[in-house]
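First comes one chain, alone, set out as structure tokens in the form predicted alone.
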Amino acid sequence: SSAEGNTPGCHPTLPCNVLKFKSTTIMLDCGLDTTSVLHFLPLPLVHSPRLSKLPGWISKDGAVSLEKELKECAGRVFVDSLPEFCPPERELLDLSTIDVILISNYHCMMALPYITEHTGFTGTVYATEPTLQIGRLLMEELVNFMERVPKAQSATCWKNKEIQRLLPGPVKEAVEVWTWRRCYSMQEVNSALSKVQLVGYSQKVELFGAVQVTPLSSGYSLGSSNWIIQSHYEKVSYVSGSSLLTTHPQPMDQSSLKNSDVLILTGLTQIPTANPDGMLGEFCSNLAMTIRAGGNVLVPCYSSGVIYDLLECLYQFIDSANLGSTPFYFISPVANSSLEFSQIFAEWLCQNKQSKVYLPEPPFPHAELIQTNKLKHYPGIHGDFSNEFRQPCVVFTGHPSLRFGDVVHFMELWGKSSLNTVIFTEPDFSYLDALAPYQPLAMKCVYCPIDTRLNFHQVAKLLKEVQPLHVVCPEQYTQPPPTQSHRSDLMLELQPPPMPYRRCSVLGLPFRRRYERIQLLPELAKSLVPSEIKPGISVATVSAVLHTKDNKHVLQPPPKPAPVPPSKKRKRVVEEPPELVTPKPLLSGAVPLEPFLALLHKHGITEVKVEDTPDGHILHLQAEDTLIQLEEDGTHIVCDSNEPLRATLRDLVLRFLQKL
């Protein structure tokens, strides 16, 4: 059973891999690389005089002028158009050949509509319920951010290779810009998500009878999963976005990953040197310092995930830091649903949160913050929020790239005062790149990235425990980070070394087993007559029809020949049963030389010349002009036109052999 992996996606924390295994084609995750949006100008919700006055870009010699498409800000060039994303590679693989897509968590499914819509995809997508529902929220939020700020123009001239070469800085280095796509629509989101089938942890799902897939808790986010993909004799584990820290989700299931032939490892922490607990502490103290000085705090974040832990941490911190009267605002088109979902997915939570579901208290403290009016949530900055808005305050809102969403408004509103602070907690974007179109900026910036996914030390421990035969991982994990090339502790060092892959590469996976499981029907099993050839080993011959359907193999008794009607000429049936010939018995054993010669002597054959060969002996019966070849795997009797003699010799040989 050969298996191979394709990698249409390039970002190890936003994976998209394709596994061909036992005649099924399985896509593992479809993460969307959104870092491309950093090359675009922010989309303001309210007209921004600052952004509208930015000068257009003209090359130094004045030869190239793209004033409509490119704007300059603080020495950097940005594309003035609807932001675009970098979906997984589509040329490498015909997407209509994909049978199933397995999703490991809601951050890794954002490219789903690009894969399932308008590509001929007819397969099924498997995910847990929280992954589907929170993934839906995040997609809905993305579409909402894009659609509520209509941009008439779409910039394409800058993508021309000749022009892109002349552009300054990061835009010049942007790769694959022709593959970038605008955001999908809500209709495409709904159509893509209608293809999702829900699964629970440890539930076994059969794919075409060839493969069984099972999701296991990965401990990273609500409903996040690692996947086991196995046939009767091979086992592949896909470990993506896992956490061993005690946060709100169910803990990681490690033991089920044991005995894997291949373990595909991706989605490790993006900031291996930052400790999440230390970062949470820093987050709280910076927030308190700003509020005490009379400033506002802006937290650009996704509307699900780390925000639950941030709110929980603040809940414990508010009273001790005397922040009791400071309003906290969570602004997102899906804020309400996100806060509610986290309370209702009880069975996906860690044990101590699960137990609270049965008490009259909610599992997450943000419910209490809402009841006591300390945390308020709004779909956007217009409407109720603008009437109730009080400063100084703390605002949680998206998008972490600072290119679209309500966060753009607050950056413009608060950026000019050094009393205010923006705290970055999401690790997906370089915060300096995120801030670039807002420069020069007076507000303070604090970088407290919180990434609870596995670091290299935890991975080494995990792999020691589950001991897969082979590990496959992105190339980035097999060498230290480019900025810290001396840190050999920030890479995977394993024996045997891991098999690395890179974007758009195809990798053959090593499998050692060569067996298929075949079922024997009871009536056929009854007819078998085993004979013992060695103590403890019996052999039986079988004549049967091998029936294969949906990768399940069954041996059935051969069909009985149809009786021929006496008079009429027999019509040819379209599908005649195979003609049944009674098989000759199989022979086993060996013909020992000395006893055989004695037996020949007894039957009057005395002149025998024996020659040794590499495989046995050749006996030359000189008077009869006959040769007998005795070899390990066969006996040949060569005698010309003396049939009675041949039959006698054959019977003598058979005395030493056992019929099966």
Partner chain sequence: MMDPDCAELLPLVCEVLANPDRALPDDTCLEKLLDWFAALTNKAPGLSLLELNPCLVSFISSVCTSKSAEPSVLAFALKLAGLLASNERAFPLLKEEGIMKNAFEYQGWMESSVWEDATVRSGWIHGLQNVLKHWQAMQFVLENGLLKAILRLQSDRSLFVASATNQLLACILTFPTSPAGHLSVKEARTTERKNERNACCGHDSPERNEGAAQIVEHVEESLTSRVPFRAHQSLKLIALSLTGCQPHVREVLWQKTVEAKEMLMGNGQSSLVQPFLEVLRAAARTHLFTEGNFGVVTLMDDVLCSLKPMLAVPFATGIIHLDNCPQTLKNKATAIILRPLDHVAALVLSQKTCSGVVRESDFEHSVWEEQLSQKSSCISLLCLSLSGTSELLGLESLREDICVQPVVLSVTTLLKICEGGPFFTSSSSSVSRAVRNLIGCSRVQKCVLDTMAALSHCPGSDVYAEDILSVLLLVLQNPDTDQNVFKKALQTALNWLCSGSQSRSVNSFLNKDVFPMLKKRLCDVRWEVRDSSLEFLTHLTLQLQEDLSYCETLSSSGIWDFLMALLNDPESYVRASAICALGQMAYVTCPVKGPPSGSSVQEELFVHFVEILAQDTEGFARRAVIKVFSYWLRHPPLQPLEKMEKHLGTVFQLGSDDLDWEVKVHTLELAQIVIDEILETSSQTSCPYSIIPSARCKGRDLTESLRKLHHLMIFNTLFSGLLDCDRPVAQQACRILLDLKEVIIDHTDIVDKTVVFDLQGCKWGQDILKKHFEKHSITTAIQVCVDIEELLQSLDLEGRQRALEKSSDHMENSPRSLMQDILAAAHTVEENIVDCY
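Positions refer to the first chain, counted from 1. Treat the numbers as computed from the prediction; the structure is a model and nothing was measured.
Heads up, the form predicted together with the partner chain isn't pictured, but that's what we're talking about next.
Proximity of R487 to the partner chain in the predicted bound form falls within the 4.5 Å heavy atom cutoff. The partner chain in the predicted bound form is not approached by S527, whose heavy atoms all lie more than 4.5 angstroms from it. The partner chain in the predicted bound form is not approached by P500, whose heavy atoms all lie more than 4.5 angstroms from it.
At least one heavy atom of E493 is located within 4.5 Å of the partner chain in the predicted bound form.
Comparing 109-117, 283-291, 537-545, 80-88 against the partner chain in the predicted bound form, the single stretch with non-hydrogen atoms within 4.5 angstroms of it is 283-291. With the partner omitted from this view, the residue of T246, Q351, S320, S255 that lies near the partner chain in the predicted bound form is S320 [heavy atom within 4.5 Å]. Checking S194, N373, T273, S202 against the partner chain in the predicted bound form, a heavy atom within 4.5 Å turns up for just one residue: T273.
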